[in-house]
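Shown below, as structure tokens, is a lone chain in the form predicted alone; questions about how it binds or moves come after it.
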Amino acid sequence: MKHLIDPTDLTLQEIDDILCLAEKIMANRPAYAEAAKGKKLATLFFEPSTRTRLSFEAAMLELGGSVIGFSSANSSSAAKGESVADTARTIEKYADIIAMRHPKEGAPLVASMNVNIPVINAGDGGHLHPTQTLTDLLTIKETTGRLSDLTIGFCGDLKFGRTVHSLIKQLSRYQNMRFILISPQELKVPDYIKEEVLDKNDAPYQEVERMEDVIGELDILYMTRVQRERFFNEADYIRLKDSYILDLEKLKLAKEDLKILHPLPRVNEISVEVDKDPRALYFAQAEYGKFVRMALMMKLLGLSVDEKDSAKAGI
């Protein structure tokens, strides 16, 4: 495991190892406070981000490392026309690991092909978002106790939602996972996801347009926003942006132990009145993201901690 570009770069055993390490970190944070001492993370974010960039930075800082980088293309030499490959080659001289977000699909892959330090895809266009997938898996595992035998509904923008594509790719590898895809016709899951992922893995799925028709069947509801930045036509965005709004009235139809996830940011697709419902996990989900990124970076950098020695040292 040298880079993380696609969630399927990881075997199920490697994913399990990362999730287990994240759980150990959550249970004993002081023991990992210097795990990455002397290491530097470069966050190369060519498009805006709040949670992903800051959770990467918080993760490295909590491991005792340091962070360099930029938060927009305009503040990098990309504004002067520098290629992704050249940027990566340069940053390799300054950092030990790179987390890259880019609006163009495949940009982190290009970076990984040109450097000898680990590259993590922190989101590439409407393609994939593997560390959000790890975040989602940890959230599901911690709150349901399993990564199998679940019915998960994806709701909203399933066409451009990279978090959706990544999580479907990953969950389809587990046993007895059923998928319900809730979206307007214009925002349906791309055919390649259905053909190359769901069909290939014999994962049962159905496509519906009304949340109310299926919410009672769900163990997990994964909400997404309709993303203005993925539309070429403003009129289409305005017409579809309020297609699905989760509120307390709809939740009356849901299971008592439903888990509501959202990669955030939220616009208005989940009413704020839902935030106080114990089934709403999206802010806890954001915190899980920090711990899973700590575990991932430790694995990619080949770092380990002897918790027994840490305890003896009084850490």
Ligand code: CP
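These numbers come from a predicted model, not from an experiment. Numbers follow the displayed sequence, beginning with 1.
The following text describes the form predicted together with the named molecule, which does not appear among the structures shown.
Asks: With the partner left out here, check for me: in the predicted complex, does some heavy atom of residue 264 sit within 4.5 Å of the named molecule?
Replies: Residue 264: yes, in contact with the named molecule in the predicted complex.
Asks: Could you confirm whether residue 129 comes within 4.5 Å of the named molecule in the predicted complex, counting heavy atoms only?
Replies: The answer is yes: residue 129 has a heavy atom within 4.5 Å of the named molecule.
Asks: In the predicted complex, does residue 52 come within 4.5 Å of the named molecule, counting heavy atoms only?
Replies: It does: once the named molecule is placed as it appears in the predicted complex, residue 52 has a heavy atom within 4.5 Å of it.
Asks: Taking the named molecule as it sits in the predicted complex, is residue 165 near enough to touch it, meaning that at least one heavy atom pair lies within 4.5 angstroms?
Replies: Contact check for residue 165: no, nothing within 4.5 Å of the named molecule in the predicted complex.
Asks: Could you tell me which stretch in 147-155, 129-137, 108-116, 168-176 has residues with non-hydrogen atoms within 4.5 Å of the named molecule in the predicted complex?
Replies: It is the stretch 129-137.
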